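A single chain, nothing else alongside it, follows as structure tokens in the form predicted on its own.
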Amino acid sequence: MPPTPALPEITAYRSVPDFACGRIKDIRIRWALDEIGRAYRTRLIGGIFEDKAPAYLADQPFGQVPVYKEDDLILFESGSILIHIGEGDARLLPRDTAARGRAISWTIAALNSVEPMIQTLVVLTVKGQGTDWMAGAIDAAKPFAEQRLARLSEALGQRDWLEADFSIGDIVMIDVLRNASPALLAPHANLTAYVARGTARPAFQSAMAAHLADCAVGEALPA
């Protein structure tokens, strides 16, 4: 019999501040693997703000998570990892060339066109607490996020998912939108419903539970 392939490995932080708990990008990879019923293992690394070891930086030049290892393959950046996982299962990435291309386009759009706008507001809110510049900075950045969300809302319309079928594009987009404040999403009922629909999926629920369990283990480990 051929040897049983090793489980893919995902890295996750061992120490996450309260404001980031449940918001780290290893959730996206866990979610994708849970959607297709593929087991995996996690490796906890240093805290989110800690310097990383040279060996880890060789795998992930920016010291972030997740790193994904599968046999001899080592990948970083959640979008790249999701495309790789999707290539192996049509439930995440359609086999039809046109539908596959659209799903990848939405994945990149979530990462490049939507997430930076929302993440800017998150960073300003977290880092600007107690400063006299926070309100002005948020007022300057908020219209860009509002415009992107309005365009996304129009594109989604009344569909359940970004395209005909759920895909890695939805995994990334929903995870990105989870970081938006409720007030930012409030003008777009279809986006609010879209996020609720995605996060109600059993695979998202199990991915989040696993992420939170690893956070709890990390907190209990010695420094």
Ligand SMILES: N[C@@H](CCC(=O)N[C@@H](CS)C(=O)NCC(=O)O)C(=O)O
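Computed from a prediction, not measured in an experiment: that's the story for all the values here. The first residue of the sequence shown is number 1, and the count goes up from there.
The same protein also exists as the form predicted in complex with this ligand; that form is not shown, yet it is the one meant from here on.
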Is R43 one of the residues lying within 4.5 Å of this ligand in the predicted bound form, judged by heavy atom distances?
no
With a cut-off of 4.5 Å between heavy atoms, is R201 one of the residues that contacts this ligand in the predicted bound form?
no
Hey, in the predicted bound form, does K25 get a heavy atom within 4.5 angstroms of this ligand?
yes
Can you work out whether L184 and this ligand are in contact in the predicted bound form, taking contact to mean some heavy atom pair no more than 4.5 Å apart?
no
The unique member of V65, L162, A180, I174 whose heavy atoms fall within 4.5 Å of this ligand in the predicted bound form:
V65
Interface residue in the predicted bound form among R197, K69, H188, K52, criterion: non-hydrogen atom within 4.5 angstroms of this ligand
K52
Select, from the options 130 to 138, 73 to 81, 86 to 94, 148 to 156, the stretch whose residues sit within 4.5 angstroms of this ligand in the predicted bound form by heavy atom distance.
73 to 81
Are there residues in 176 to 212 with a heavy atom within 4.5 Å of this ligand in the predicted bound form, and which are they, in order?
none
